[in-house]
Ligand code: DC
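Have a look below at one chain only, the form predicted alone, in structure tokens format.
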Amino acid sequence: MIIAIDGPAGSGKSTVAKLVARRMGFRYLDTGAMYRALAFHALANGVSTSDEDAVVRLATQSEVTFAHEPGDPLPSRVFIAAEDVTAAIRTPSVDDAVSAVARLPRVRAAMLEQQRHLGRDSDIVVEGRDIGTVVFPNAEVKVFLTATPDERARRRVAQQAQSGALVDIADVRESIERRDSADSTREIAPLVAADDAHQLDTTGLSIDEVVERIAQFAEGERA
């Protein structure tokens, strides 16, 4: 079974997907981290995120991989071209660059091959922005998470504070709204809910409540 979880930045999909994977005993594949790794790799190598040819070369030559602790379905580290970028991909500069990378058609095609290769086994939880519509359109369970911009900004500030970064919540909300606009209006794989997705507004819900609802969707499919 494939559980596909989509949603905008700050909707909680990464946290929720990891917990769903643990709850269900599935493997977790973070495709958003793959695009973030590529965006970071481009910035670190002085490659313009608007230079599609150059970014495609990076995408085809630089494999994204994940490390796991023994017996843990969740990846503990993220690598691109064998470089550990686990912390580096969660910075404001990558937040601002990743949409530009992700909207490039040939880059998405290159990354799609990597994603499907990593997700070729059954019983996985995958999160991103086009998982249920493009990457795994035949996923048995599709969920589209949403939350208000204020709630999503608050979550992102709290997440960055855990890594020692101090950011202004107004700046974070502005970045989220720019990201929403870019993701929802891009020509290739825009941010939309699949027709058969369960749409779930997480504003006011605890993480445990969201995880339980998704687990119920999955268990309903298995019944």
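The numbering used is simple: start at 1 and walk along the sequence shown. All of these numbers come straight from a predicted model, not from anything done at the bench.
Quick note: we don't show the form predicted together with 2'-deoxycytidine-5'-monophosphate, though the next part is all about it.
Q) Out of H41, H198, R27, R156, which one falls within 4.5 Å of 2'-deoxycytidine-5'-monophosphate in the model of the complex, going by heavy atoms? A) Looking at H41, H198, R27, R156 one by one, just R156 meets the 4.5 Å heavy-atom criterion.
Q: State yes or no: in the model of the complex, is some non-hydrogen atom of Q114 no more than 4.5 angstroms from a non-hydrogen atom of 2'-deoxycytidine-5'-monophosphate?
A: Because no heavy atom of Q114 falls inside 4.5 Å of 2'-deoxycytidine-5'-monophosphate in the model of the complex, the answer is no.
Q) Closest heavy atom of V125 to 2'-deoxycytidine-5'-monophosphate in the model of the complex, within 4.5 Å or not? A) Heavy-atom contact with 2'-deoxycytidine-5'-monophosphate at 4.5 Å: absent for V125.
Q. Would V98 sit within 4.5 Å of 2'-deoxycytidine-5'-monophosphate in the model of the complex, counting heavy atoms only?
A. Yes, contact at 4.5 Å.
Q: Spell out, yes or no, whether the shortest heavy atom distance between R129 and 2'-deoxycytidine-5'-monophosphate in the model of the complex is within 4.5 Å.
A: Although 2'-deoxycytidine-5'-monophosphate is absent here, R129 would touch it in the model of the complex, with heavy atoms inside 4.5 Å.
Q. Which single stretch, out of 28-36, 54-62, 161-169, 41-49, brings residue heavy atoms within 4.5 Å of 2'-deoxycytidine-5'-monophosphate in the model of the complex?
A. Only one stretch passes the 4.5 Å heavy-atom test: 28-36.
Q | Every residue of R90, A102 and R186 near 2'-deoxycytidine-5'-monophosphate in the model of the complex, heavy atom within 4.5 Å | A | Every residue of the candidate spot has a heavy atom within 4.5 Å of 2'-deoxycytidine-5'-monophosphate in the model of the complex.
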